[in-house]
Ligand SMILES: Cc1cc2nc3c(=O)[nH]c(=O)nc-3n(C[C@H](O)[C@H](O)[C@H](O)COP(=O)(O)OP(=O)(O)OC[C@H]3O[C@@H](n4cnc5c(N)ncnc54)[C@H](O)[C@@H]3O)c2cc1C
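Okay, so here's just one chain, in structure tokens, the form predicted on its own.
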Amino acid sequence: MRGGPGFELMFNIHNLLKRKNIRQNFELIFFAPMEEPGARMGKGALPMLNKLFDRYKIEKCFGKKITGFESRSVVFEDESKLDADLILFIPASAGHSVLQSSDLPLTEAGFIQIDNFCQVCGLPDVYAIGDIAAIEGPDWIAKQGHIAELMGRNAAYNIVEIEKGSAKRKGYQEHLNILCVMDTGDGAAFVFRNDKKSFLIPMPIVGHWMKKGWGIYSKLTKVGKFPHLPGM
């Protein structure tokens, strides 16, 4: 399952209920089959993530594989159940069904196999970026928007250089990292990880508005109504 989006959703639900003065009427439980959801963020980030769970009084049910769902419960492999009035589950991603009927080289999970330059393996004139591409790198890497945009720019650059007869290429793998602002509803947490370090920094109050501002900026720049700021 996807841990990152689940954290953000759970923290926002907590703060929504708190603003309505009804949080005390609800029990929130985060369930996941892995022993340490969020481990991709790195050992430096996990202790702070656990502090957020404790601060928001969110219970944890980790390390049990999920075998199914019933109308009001989650069923685990040991035949135990987690009863709930509302169940929110974000499954791990898999390749788009359209790819399954294509002749493109795919991974076991159904994503297109590419090289460091975003070129589809075995197809010299075909490129794949973003969600449909299989990103290769350390086991902690996650697909994120800024990586997809980098891959798009690199793919365009590489195509132009090939047409010019140049040997210049730009790869994506040296730029892999996790970078996000995890909105909590009443603030946010800045998360960063690369091959050298990892950390999570709480950003009370201002972080929430930074995340909302980033959403507005991202939308306006993509439709051409606001210029891209340098480095963003």
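Just so it is clear, the structure is predicted and the values come from calculations on it, not from any experiment. The first residue of the sequence shown is number 1, and the count goes up from there.
Only in words, not in the display: the form predicted together with this ligand, which the text now covers.
In terms of contact with this ligand in the predicted bound form, the residue from Cys61, Leu179, Ile201, Met34 that brings a heavy atom within 4.5 Å is Leu179. For the residues Leu99, Ile87, Leu82, Ala148, the 4.5 Å heavy atom test against this ligand in the predicted bound form is passed only by Ala148. Although the partner is absent from this view, Lys18 stays clear of this ligand in the predicted bound form, with no non-hydrogen atom inside 4.5 angstroms.
By the criterion of a heavy atom within 4.5 Å, Ala155 is excluded from the residues contacting this ligand in the predicted bound form. Looking at Gln144, you'd find a heavy atom of it within 4.5 angstroms of this ligand in the predicted bound form.
Contact annotation for Glu136: none of its heavy atoms lies within 4.5 Å of this ligand in the predicted bound form. Stretch 127-135 is the answer when you ask which of 68-76, 127-135, 158-166, 102-110 has residues with heavy atoms within 4.5 Å of this ligand in the predicted bound form.
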